[in-house]
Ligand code: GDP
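Listed next as structure tokens is one chain, alone, in the form predicted on its own.
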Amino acid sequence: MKLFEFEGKEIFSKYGIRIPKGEVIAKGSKARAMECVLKAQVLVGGRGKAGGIILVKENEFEKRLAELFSKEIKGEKVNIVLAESKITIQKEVYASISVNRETGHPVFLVSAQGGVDIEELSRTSPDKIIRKDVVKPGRETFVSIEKEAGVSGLADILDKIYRIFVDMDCELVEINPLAVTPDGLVAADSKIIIDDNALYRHEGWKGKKERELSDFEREATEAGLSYVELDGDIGIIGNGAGLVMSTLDLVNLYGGKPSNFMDLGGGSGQEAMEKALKILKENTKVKKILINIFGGITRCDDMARGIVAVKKTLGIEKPMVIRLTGTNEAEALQILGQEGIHATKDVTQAIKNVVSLVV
């Protein structure tokens, strides 16, 4: 679960990491005009490039604040803004701790060139990134990184973000930039991701996971469907996470771009199919639909009835390619055929067909 910048900074402050003075402003609330930095609070990266961070004078505060609240940044509406006092930055440093997926150990990434895209820096100038992968970091680790980076006070910051990382069951704790100021090190930004599987141990955050969901993802969750939005234009429906994942892979293999992951679940019936198709009909990113059903405890005839019902009630205009095989497949193909809806048992052919459709 991703935390907003202001939430991460509140945690930093509790652990003794200095942060700029700031005020959190919710949309629709009143705020005192001031000269400051206004920062849109969204759970996506690249805010600065998208105009989500602006330096304002007192006389333009209200106007620029209203502009921020009217924005959408990478599909996210701005409902919270952080107003922070300006700080004098002499140097920007990058500091983070995450999990090395290969070793399972904590890994520190530090660079004296903060404020930049660390992934891009790792490709173009890997020698400018300090990487320490250790089983159990201690004071010696933090001091050695500080000496290598040449940033006074860094060891103390690394100690504190490590404690946050462990205490909060984090996947990532990142400060970018960690600002070197005349008064010491200040966390000018924060990025914290808590492991979803550990949220049961953190009651204060447990109920906030849903805020990461889009409107369609929320609707699907309420309907008992597993749904994740992607960037393509081919809507995918399948029954079983493994089947849907392999379908996404095949669509990509044949040159298509999935717009979503949609798992009806094993044993799902007609109602689940109807709800899934309704979501894909309403999603304007979806231009064509691929349905891939492998009938086991899920009956193909139930899926077929759901498809027919939605076609009749909602009048879906988007072209659909259907692959059905397994339990009651003959009956399913007959139900669809009577409505003039073609289906195939060949998954490869179905995927090639949907990718080749021009809409």
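All values derive from a computational prediction rather than experimental measurement. When you see a residue number, it is the position in the sequence shown, counting from 1.
Keep in mind that the form predicted together with this ligand is missing from the display, and what follows is about it.
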**Item:** Candidate from G153, G224, G115, G269 lying within 4.5 Å of this ligand in the predicted complex - any heavy atom
**Value:** G115
**Request:** Quick one: from A188, I236, I192, L277, grab the residue that has a heavy atom within 4.5 Å of this ligand in the predicted complex.
**Result:** A188
**Request:** Would you please decide whether I87 lies within 4.5 angstroms of this ligand in the predicted complex, comparing each non-hydrogen atom pair?
**Result:** yes
**Message:** Just checking whether P319 would be counted as a contact of this ligand in the predicted complex - the rule being heavy atoms within 4.5 angstroms.
**Reply:** no
**Prompt:** Wondering, does P106 line up within 4.5 Å of this ligand in the predicted complex on heavy atoms?
**Reply:** no
**Asked** Would S111 count as a contact of this ligand in the predicted complex, using a 4.5 angstroms cut-off between non-hydrogen atoms?
**Response** no
**Request:** Tell me, please, which stretch of 159-167, 89-97, 284-292, 132-140 lies within 4.5 angstroms of this ligand in the predicted complex when heavy atoms are compared?
**Result:** 89-97
**Asked** Using a 4.5 Å cut-off on heavy atoms, which residues of 153-186 contact this ligand in the predicted complex?
**Response** N176, P177
